[in-house]
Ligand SMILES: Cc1cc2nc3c(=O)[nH]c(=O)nc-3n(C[C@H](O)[C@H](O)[C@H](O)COP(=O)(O)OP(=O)(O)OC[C@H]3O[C@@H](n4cnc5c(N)ncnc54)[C@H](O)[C@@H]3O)c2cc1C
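The chain below stands alone, shown as structure tokens; this is the form predicted alone.
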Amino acid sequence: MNAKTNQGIMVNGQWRVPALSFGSPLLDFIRKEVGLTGTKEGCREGDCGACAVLMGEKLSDGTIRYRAIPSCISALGDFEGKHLITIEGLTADSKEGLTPVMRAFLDENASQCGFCTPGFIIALTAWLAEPRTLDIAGAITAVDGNLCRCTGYGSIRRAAEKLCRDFADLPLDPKKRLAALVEREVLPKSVLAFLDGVGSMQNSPATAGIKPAESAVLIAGGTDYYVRNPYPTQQFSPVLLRTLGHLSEIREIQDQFGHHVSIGSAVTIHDFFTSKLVQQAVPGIETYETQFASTLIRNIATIGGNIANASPVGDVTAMLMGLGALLCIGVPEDSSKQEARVVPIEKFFLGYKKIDLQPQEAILAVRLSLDNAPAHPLLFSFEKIAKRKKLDIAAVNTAISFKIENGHFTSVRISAGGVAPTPILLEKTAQLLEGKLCNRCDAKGLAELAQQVSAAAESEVKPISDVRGSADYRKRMTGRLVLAHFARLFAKDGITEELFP
């Protein structure tokens, strides 16, 4: 395997072939090899946003998009054939040396020491580039992974509000929006060059289609690996799963396992939640996206990586277990002859941080059922408890899914995390609810049933005490989160008043 990238990366307006190995963190390439020091090194864990850069890429449908990502925990090789824009590159074609986003920060005194400012500018520029209507809520979400320690966030919010007003007329068509942002000097003209010439740099052979050695490190998003290994050696040669295009696809399939949406293991968390096919399989799942990390992390963290991390309290893992996901496992090479084995997600976890993967194997895809009849839609809820409302690892999390057929609960699944060495299914609790009458006109009866299910969940889990909570706390929170499921899913039926008078 070639240890260096052999295709180019468009760095601001110029194509470059990196000298660093493709397993190097992108931040090191930017600062040490290219010498662009406006991108800052802060936490080296993807938590502060000071290292944020814009990543432009071409999707399978031909759409070009730009997103903000944390360069400190991103693999250099993942940028082959893509457009990297640093804070310096944003002003390449600006007549006054400032973009409108920078001008808004200046006008509202939103920068003081300035160390964090490049990351905020990048994040808000990416927000403007998204083909959606602008509002302050979207702006705040866009910078939820950026920290400022000296200015205070009020001035940054005012700058975002100014941008909402000034750019309210942006077109929603992705290509027209990018062109408009170039014309108004928010983005450099290199974006137009990338739009015209991206095709020749795609499908790099450096890592694609390679059968890994048994000792090879497999990296999907890198959000876990580079936190634990922030300074890999120049000889580090991982297999970058995001460069294997078939692992980043979301598609509809029908086979012996049924009608499913297949989500490639290298699909990012953001793409998972915003996928129309995933939303078809699980109506309303998009409302839970912001409970997972920050925007910057969601733009590179992957579905397969979150599962294979094997955290007992992984948020996406808990959701997928509550939804009855199937995992397709095999060697990560693009071969139509390859047969993957299919494993229910609850069977994948063998013990604390132990998973059902053999040497050379990886999670290839996750499957969710699409057998969702309009007459009996799938109902789904996810809840977590953490020290902070967002951007924090849960002490306990839980998910539930079921259908209501002929007035009764069916296909009930309840998962829980943080209550055992692995994420688990609460099978006894689900069995208690299965087949029970669901009379939505009887709020008191539904509340009594919810309390029974809550008590069963508390008795089924056997957590331990640690820094995030005692065993008793975790048991109690499991029961309370189950009640929260009922309160969320039956809010219109008056159950909340009965549960919490």
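Small disclaimer: the values here were computed from a predicted structure and weren't measured. The numbering used is simple: start at 1 and walk along the sequence shown.
Just so you know, the form predicted in complex with this ligand exists too; it's not on screen, but the next bit is about it.
- Partner contact region in the model of the complex: 262-270, out of 368-376, 277-285, 262-270, 182-190, criterion any non-hydrogen atom within 4.5 Å of this ligand.
- Each of 291, 309 and 391 places at least one heavy atom within 4.5 Å of this ligand in the model of the complex.
- Interface residue among 409, 167, 236, 225, judged by heavy atoms within 4.5 Å of this ligand in the model of the complex: 225.
- Among 420, 98, 195, 218, the residue placing a heavy atom within 4.5 Å of this ligand in the model of the complex is 218.
- Remark: residue 315 counts among the residues lining this ligand in the model of the complex, judged by a heavy atom distance of 4.5 Å or less.
- Shown alone here, residue 57 lies farther than 4.5 Å from this ligand in the model of the complex, counting heavy atoms only.
- Heavy atoms of residue 28 never reach within 4.5 Å of this ligand in the model of the complex, leaving it off the interface.
- This ligand in the model of the complex is approached by residue 301, whose closest heavy atom lies within 4.5 angstroms of it.
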